[in-house]
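In structure tokens, one chain follows: the form predicted on its own.
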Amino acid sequence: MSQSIEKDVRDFILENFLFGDESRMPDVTESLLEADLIDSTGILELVAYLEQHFGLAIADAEIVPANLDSIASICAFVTAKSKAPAKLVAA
């Protein structure tokens, strides 16, 4: 897991969902949903952040807990998406 990606994701969570309270920061493998740190609206905020900050295009089908439910899964998802070849759109 890229330390830079992890730091950026942790900073986003800290600022947007924990309002600076580092004592509530979850472990990298802890479920953000089960810890009540993020809800469906929060997922949409997270997706928007990932798309803007990392230059990703995230499809609706990719917005699933396996990709976005923990810091570790988010980092793995961003890393995999960043390495995926860009899809060309036919004109």
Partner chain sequence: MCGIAGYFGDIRKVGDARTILRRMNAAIGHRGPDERDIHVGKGTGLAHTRLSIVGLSDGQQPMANPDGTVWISFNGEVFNYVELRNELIAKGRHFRTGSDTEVILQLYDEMGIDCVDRLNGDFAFAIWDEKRQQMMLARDRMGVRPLFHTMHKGVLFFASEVKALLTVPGIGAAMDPIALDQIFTLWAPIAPRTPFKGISELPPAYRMMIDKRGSEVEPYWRLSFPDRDERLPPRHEAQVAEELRALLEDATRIRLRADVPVGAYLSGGLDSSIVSAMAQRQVKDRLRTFSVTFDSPEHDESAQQQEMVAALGTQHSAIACRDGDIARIFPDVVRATERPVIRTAPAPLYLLSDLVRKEGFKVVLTGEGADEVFAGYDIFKEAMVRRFCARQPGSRIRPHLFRKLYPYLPGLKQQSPDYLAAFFGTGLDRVDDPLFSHGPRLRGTAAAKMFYSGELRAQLQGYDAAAELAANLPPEFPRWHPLHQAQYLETAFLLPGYILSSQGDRMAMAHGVEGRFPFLDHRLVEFAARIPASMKLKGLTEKHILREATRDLLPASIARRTKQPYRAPDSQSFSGEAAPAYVSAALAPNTVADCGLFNPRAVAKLYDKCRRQGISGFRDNAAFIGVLSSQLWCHAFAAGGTIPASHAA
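Numbering follows the first chain given and starts at 1. Everything numeric here is computed off the predicted structure, so don't read it as measured data.
The following text describes the form predicted together with its partner chain, which does not appear among the structures shown.
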property	result
Touches its partner chain in the predicted complex: Leu68 (any heavy atom, 4.5 Å)	yes
Proximity of Leu50 to its partner chain in the predicted complex, heavy atoms at 4.5 Å	no
Any non-hydrogen atom of Ala57 within 4.5 angstroms of its partner chain in the predicted complex	no
Close approach of Leu18 to its partner chain in the predicted complex, 4.5 Å, heavy atom	yes
Within 4.5 Å of its partner chain in the predicted complex: residues from 43 to 69 (heavy atom criterion)	Ile43, Leu44, Glu45, Ile63, Val64, Pro65, Leu68, Asp69
